[in-house]
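In the form predicted alone, a lone chain appears below as structure tokens.
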């Protein structure tokens, strides 16, 4: 349900640190703001006219190395919640004005070291980074607009391709929005697939960190292990990236849990060996330690989610609010220091925990049907914890046809946090910073 409020009431939401600004969606001539309490899991949708976001205000007043900013009495939403600029697509707001003798670089969209079509505006006097602002839009596909007018079954084909490496998380968020209840076996299979997706994405991030540190042997071994997980996906779900598993109301395919258990235990055993070798490399650890630090104040101020939040001691994970995880081995992985090393350690802990979760469901798979009928109508929303952070999908559906859609990817929220974390670091630390966040241009450019 969306509640219409005044702009002064919206300002009160922005000043209340209990809530994180989760999303901002345009809806006709209004704006829908989504506020989440990550302690209780409660979520509120409020709508008002677009507030006056002063994009000409000096951006350093909202983002900077100090992590602090002074709010004048007439402060607007964009000043109190800097992530609003990213949610509104106004990444220019993160560019600082600097003296003329500063080097102004445009890194991307086709450059060595960048994994996708995307770019960054970088300011520097030489070796040290003064400011970074994302330059997105090179992979924009207007998914939200395209699915309007489609039925929910057909729309899912586009949703799970929004960011292929997070396909299960996106399809879970979408399906959970249009469903009321699904068979327990289908829900358990979805969780197994979601945790497999988390495992291969986290392994990929660790492999990229090893590559950035020129640890070529470790990088090759982690890459081979990632390939093992992708082949496991293909064996059990008929697609390396798990496309086509979810359907509104359940899943398409059952799995052989006995064979799955043996393979996932083998992968965990190999992973533990590789991690032990990697974390005993002082050269590798030195490159990540104290690199791209985000403190707790940064996390709260920037409404950061997912891996970077948990690596700074803020346990935001929407799996905590999903009842299916209640009696499982799931636990929120948290580190305290907030640097690239902490983010890697969160990933390592989550991979091990994901294996435990998969084993639990494989050994306790309910004996029910795989799907049920879906009859969706009204204002609906769903969320899911993707590897870098949570996804939110909001929909208005009439007799199974989508009339309006809003999708908030995790990368959109966390790009501003990366920009703050990398300021003050040297250029050779850029790769360690960006890879530790696990961001995706395609994810943000939906």
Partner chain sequence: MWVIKGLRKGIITTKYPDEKPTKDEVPEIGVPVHRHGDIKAARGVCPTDAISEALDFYKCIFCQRCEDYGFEMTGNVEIAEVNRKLPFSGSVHIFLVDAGSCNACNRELDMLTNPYYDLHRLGFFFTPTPRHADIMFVIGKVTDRMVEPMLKAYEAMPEPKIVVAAGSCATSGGIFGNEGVDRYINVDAKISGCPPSPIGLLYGLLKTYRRR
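What you see is a predicted model; the values in this text were computed from it and never measured. Positions refer to the first chain, counted from 1.
Quick note: we don't show the form predicted in complex with the partner chain, though the next part is all about it.
Proximity to the partner chain in the model of the complex, taken as a non-hydrogen atom within 4.5 angstroms, holds for one residue of 356, 270, 375, 184, which is 270. Exactly one listed residue, out of 349, 90, 117, 124, brings a non-hydrogen atom to within 4.5 Å of the partner chain in the model of the complex: 117. Contact check for residue 200: a heavy atom falls within 4.5 Å of the partner chain in the model of the complex. Contact annotation for residue 2: none of its heavy atoms lies within 4.5 Å of the partner chain in the model of the complex.
Heavy atoms of residue 241 reach within 4.5 Å of the partner chain in the model of the complex, making it an interface residue. Proximity of residue 329 to the partner chain in the model of the complex falls outside the 4.5 Å heavy atom cutoff.
Remark: of stretches 310 to 318, 250 to 258, 172 to 180, 335 to 343, the one touching the partner chain in the model of the complex is 250 to 258 (heavy atom within 4.5 Å). Interface residues of 183 to 217, taken as those with a heavy atom within 4.5 Å of the partner chain in the model of the complex (partner not displayed): 200, 201, 204, 207, 208, 215, 217, in sequence order.
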